[in-house]
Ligand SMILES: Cc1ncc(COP(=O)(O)O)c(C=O)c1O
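Here we start with a single chain on its own, the form predicted on its own, put down as structure tokens.
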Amino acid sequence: MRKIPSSNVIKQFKAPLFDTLLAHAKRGVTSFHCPGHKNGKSIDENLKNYIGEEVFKFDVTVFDEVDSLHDPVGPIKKAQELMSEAYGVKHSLFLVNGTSVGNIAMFLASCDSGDSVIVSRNSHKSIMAGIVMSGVWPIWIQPKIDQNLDLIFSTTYEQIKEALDKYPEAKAVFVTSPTYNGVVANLKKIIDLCHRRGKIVLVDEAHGAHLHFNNELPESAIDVGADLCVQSTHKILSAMSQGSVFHFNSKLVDINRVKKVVSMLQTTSPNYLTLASLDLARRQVFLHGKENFDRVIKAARWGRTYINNNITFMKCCTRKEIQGIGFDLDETKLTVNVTKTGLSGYEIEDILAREYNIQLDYADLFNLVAIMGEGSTKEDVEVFVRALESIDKKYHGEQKNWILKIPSLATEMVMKPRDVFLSNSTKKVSLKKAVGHVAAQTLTPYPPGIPVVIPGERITKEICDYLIDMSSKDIRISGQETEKLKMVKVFTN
């Protein structure tokens, strides 16, 4: 955790936006403003009976007392300043459309149409939105796959160096770290390299809002010099869903452009309860993050050890294993490999939900991903591992010959994704006859969740064969427009 000047520490006890909204709610103001439920008076009784009426008094609209997200001068401005001080960055901006809108904003704020950006293929789907909206040329890096752990890793230093050597004109480098599985890239080495060459570093740290506050965790992107970084405060910390933060710490990007872009992309009717929860989440993690995550890390380590020592057909990857491959691991993510059970991760996820009342965040053919957060307890982990232990004894399928693999994605970029995405000059062709055509849509098999067809790319035979094989196995291809993937949309001159 970065040191904060002692004069500023006392301010971190405050929550200016929450306090303003609470004072307003307690006054019993008669509402003639949006929204129409008027402090909860017309909310459906079933909902009101379950969650109470008081919460709706925080659901207000923009007026001077509560400030404006798009031109903050009062409590929102103060809350954002406290956020930037807590994380040790120059500026922090609240997001109410999640990290997705922040990822789009990073492209629009740092690049002009026609610029090129180095980006790993296994980025969140919002990255394609950012690429399309900004009009940049993506320079794709093929992600590394470890078939022993059945995991896809983020971008490596060596891959980025190779790409920068080959494409010195690239304006920026986009990195996703941590990944969904908690795998953290060697960001310090990557960022130092990029800055020596005058490149802007953009980091999707959606799953890393907690890293800054506990030294037992990997280093955060903001602590090692990322120019722009977006974090999902709601994923691991205690903000409400959709509550994220855009951090600015750059000499290469104009903060005024960042503010204009973020404002352009966000709703003019933000949910003030979400905004207040960002204010409180900051205060909570600043004051108690170390002790809270000491507890979470301890519980996660116990669960990982128990799974690896007591459950025969399941295995949880360890930090030492991940470090041995050149990455680091946020131990609060429990990735459990289930391939030896003969069942897919999807099947076990369903059993956990249906029979054990446990809901996971994510599963694929090979793994379960249990995401722990600031509210997780050892009791939660005990419930999870006991359920896995029970499933391990009760359920088994035939051993599958599944292999985590993807085709070569170093395909020719013929056109900017934006130009193809917005074009009406498209047609559908049989997947078997798509070789050589320029793709006009995105197709992403799950697993592994990596787009193998992207607008503007030349479609290769290897990619067609891969998609045909995936479709024959009833693997859902995100982006397909029919029940079975038989046709693909391509660009026509």
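Please read these numbers as outputs of a predicted model, since none were measured by experiment. So that there is no doubt, residue numbering starts at 1 and follows the sequence shown.
Heads up, the form predicted in complex with the named molecule isn't pictured, but that's what we're talking about next.
Checking 232, 277, 341, 155 against the named molecule in the predicted complex, a heavy atom within 4.5 Å turns up for just one residue: 232. In summary, among the residues 315, 319, 124, 91, the only one with a non-hydrogen atom within 4.5 Å of the named molecule in the predicted complex is 124. Residues placing heavy atoms within 4.5 Å of the named molecule in the predicted complex fall in a single listed stretch, namely 199 to 207, out of 199 to 207, 289 to 297, 132 to 140, 415 to 423. Among heavy atoms of residue 376, none comes within 4.5 Å of the named molecule in the predicted complex. Contact annotation: residue 306 falls outside 4.5 Å of the named molecule in the predicted complex, judged by heavy atom distances. Of the heavy atoms in residue 120, none are within 4.5 Å of the named molecule in the predicted complex. By the criterion of a heavy atom within 4.5 Å, residue 97 is counted among the residues contacting the named molecule in the predicted complex. Heavy atoms closer than or equal to 4.5 Å to the named molecule in the predicted complex belong, across 165 to 181, to the residues 176, 180, ordered by sequence position.
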